[in-house]
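Take a look at this single chain in C-alpha cells; it is the form predicted on its own.
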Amino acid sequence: MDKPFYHALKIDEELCIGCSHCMNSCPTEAIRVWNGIASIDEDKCIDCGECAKVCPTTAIYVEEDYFDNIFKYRYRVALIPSVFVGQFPENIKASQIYSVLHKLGFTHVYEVERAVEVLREAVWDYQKEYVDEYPIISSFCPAIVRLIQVKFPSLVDQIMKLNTPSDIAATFYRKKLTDQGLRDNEIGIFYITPCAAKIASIISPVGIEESAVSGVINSNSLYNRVYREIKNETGDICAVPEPTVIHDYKLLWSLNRGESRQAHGRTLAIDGIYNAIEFLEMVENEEVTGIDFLECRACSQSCAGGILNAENRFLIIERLKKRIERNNQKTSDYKSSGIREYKDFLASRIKLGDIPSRSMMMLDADMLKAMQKMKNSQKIEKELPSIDCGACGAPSCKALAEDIVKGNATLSHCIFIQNKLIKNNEINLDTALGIIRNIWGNRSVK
C-alpha cells in the first residue's frame, strides 16, 4: 500500500470565504468547496502552491517547523539554497548572511548548491546507463515528481532516480560532522525552503525511506529575521570567514536551464506548472521525440519563483548573476567544500529507489470497480452541461462526475440539473436552495 502524501499546504477555515479562486487555479483539480469552505484532496494535491498564490484572504498557508526547533540539537546546520542569498540587496555580502545565521543560533551554514559538484557527474553517468528511457525527466522539483505520479503515471519510469542537491548536501554534512566525532542524534540539519513541495518531499520523500534533513524553515520567515538583524547592526557583523566562492554552474542549478544546460544531448527546460503539464502531455502522447533530458520546474522562473521567497523572482535572478560576476573576479578562491572527498560514500546514497505511480484517475482501489466507476463517470459527464462553471463546488463537469461515482456528490449539485428537476417538480425550490447552502455555506443564500 502506498504511503500517504504529506501536504505542507493547509487551509485556515476561519479565513476561508469559499471564493473558489483556489479551486479554479489548481492544476490537478485537487480542491473542492463544501459548506462554504475549500478542502484539499490529499491524493491529488502536489503542493505546487498555485492555490496559495491566488487566495485573497491568505487562508491557504504553508506549514513549517517552529524556528526554536533548531535548539533541540546541539549542532545546528542551516542548508540554504542560492535563491535565499539572492533575495538580499547587492550591498549585503554572503558572509554577512552566514554571520547572522550563526548569530540566530545555527552552528554551521552550508549552501546546498555545493552538492551539485557531485550530482552533475552522477547525472552524466545516469544518462549513459539509461539510454533507453529518454527523455530522462529531472527529479529536482518535488512538485513535478508528484505531478507525474498522479497525472502522468505512464512517465514515472522516466523520472531520473537521483536525489536532490538538498538531500545530498544533508547526507554529506551529517557524515562530515559524525566523522569529526559528533553524535548523530545531536545533529539537526534544517533546509531553508523556497516552496511548499520541498517541505512535503522531506517529510514524506519519494524513492527513499527517510530524508537526511531534520526539519524545514520557510524562506520568507527566515529572510525577515536575517534582514532585520543586518539592518539593525551598526558595526561589522561578520563573525565567520568569507565563504569560498561557488562555481557559476552550481549557483545556476536551481534556475531555468541551470540543470539542463549541464546535461548531455538535446535538452529542454520548462518552467511553470501549466507549461509543464502541457509539455508532459506531448511527451506522453509521443508528440515530441529526440529529447535526451527534460528539466521541468513547477514555479515560474524555477526556484526563484518559489512562493516562500520574500523577494521578486526577477530580482533574485539578477542578483545571482551579479554574484557570479563577482565570483569570476575571485577565481583563486575556488575550492571544494570537502564534498568531493565523500564521493564514494555518496555514490550509493545519491540514488533513488522506485517511484510509484499514484494515478488520480483511479476511482477505486479495486481495479474492476474502478473501471466500472470510470464508465459510470463518463455516462454522467454526458448528462452535464460541459461549461465547467464551478457552481457545484467542483472545478469542472468531469470532476463533478467523478465525485458523484465516488459518493461525494449527487447529480443535483449541478445548478442546470437543479433547474430541470424544479421544472419537472422532482424537487422544490427549498430543496435546491438547501443544496446550494451545503456547497457554498449559509452566507451564499440569504
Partner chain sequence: MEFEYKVEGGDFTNAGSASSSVKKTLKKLNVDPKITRKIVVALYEAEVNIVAHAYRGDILVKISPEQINITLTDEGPGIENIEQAMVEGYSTASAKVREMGFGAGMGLANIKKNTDQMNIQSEVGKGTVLSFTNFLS
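Between two forms, the rigid core is defined as the largest C-alpha subset superposing within 1.5 Å. For clarity, every value in this text was computed on a predicted model and none was experimentally measured. Residue numbers count along the first chain shown, from 1.
One more form of this protein should be noted, the form predicted together with the partner chain, which is absent from this view; the next part is about it.
Trainee: So, in the predicted complex, is Ala347 in contact with the partner chain at a 4.5 angstroms heavy atom limit?
Mentor: Residue-level check for Ala347: no, no contact with the partner chain.
Trainee: Is Ile208 part of the interface with the partner chain in the predicted complex - any heavy atom within 4.5 Å?
Mentor: Residue-level check for Ile208: no, no contact with the partner chain.
Trainee: Should Glu286 be classed as touching the partner chain in the predicted complex when contacts are defined as heavy atoms within 4.5 Å?
Mentor: Yes, Glu286 is a contact residue.
Trainee: May I ask you to state whether Ile291 is within 4.5 Å of the partner chain in the predicted complex, using heavy atom distances?
Mentor: Flag for Ile291 set to no.
Trainee: Indicate whether the candidate residues Glu281, Met374 and Lys398 are all in contact with the partner chain in the predicted complex, with contact defined as any heavy atom within 4.5 Å.
Mentor: Every residue of the candidate spot has a heavy atom within 4.5 Å of the partner chain in the predicted complex.
Trainee: Please pick out the stretch from 366-374, 298-306, 263-271, 220-228 that is in contact with the partner chain in the predicted complex, where contact means heavy atoms within 4.5 Å.
Mentor: Heavy atoms within 4.5 Å of the partner chain in the predicted complex occur in 366-374.
Trainee: Identify which of Glu186, Asp125, Asp157, Asp248 has a heavy atom within 4.5 Å of the partner chain in the predicted complex; exactly one of them does.
Mentor: The residue in contact is Asp157.
Trainee: Of Phe88, Tyr342, Phe152, Phe106, which residue is found within 4.5 angstroms of the partner chain in the predicted complex when only non-hydrogen atoms are counted?
Mentor: Looking at Phe88, Tyr342, Phe152, Phe106 one by one, just Phe152 meets the 4.5 Å heavy-atom criterion.
Trainee: In the predicted complex, which residues of 160-185 put a heavy atom within 4.5 Å of the partner chain?
Mentor: Going through 160-185 in order - heavy atoms within 4.5 Å of the partner chain in the predicted complex - there are no hits.
Trainee: Taking the rigid core as the reference frame, is the Cα of Lys351 displaced by 2 Å or more between the shown form and the other one?
Mentor: Where the cores coincide, Lys351 shows only a C-alpha shift between the shown form and the other one that is less than 2 Å.
Trainee: Would you tell me if His102 moves between the shown form and the other one by 2 Å or more at its C-alpha, with the rigid core held superposed?
Mentor: Comparing forms between the shown form and the other one, the His102 CA shifts below 2 Å.
Trainee: With both forms fit on the core, is the shift of the CA atom of Lys369 between the shown form and the other one 2 Å or larger?
Mentor: Where the cores coincide, Lys369 still shows a C-alpha shift between the shown form and the other one that is 2 Å or more.
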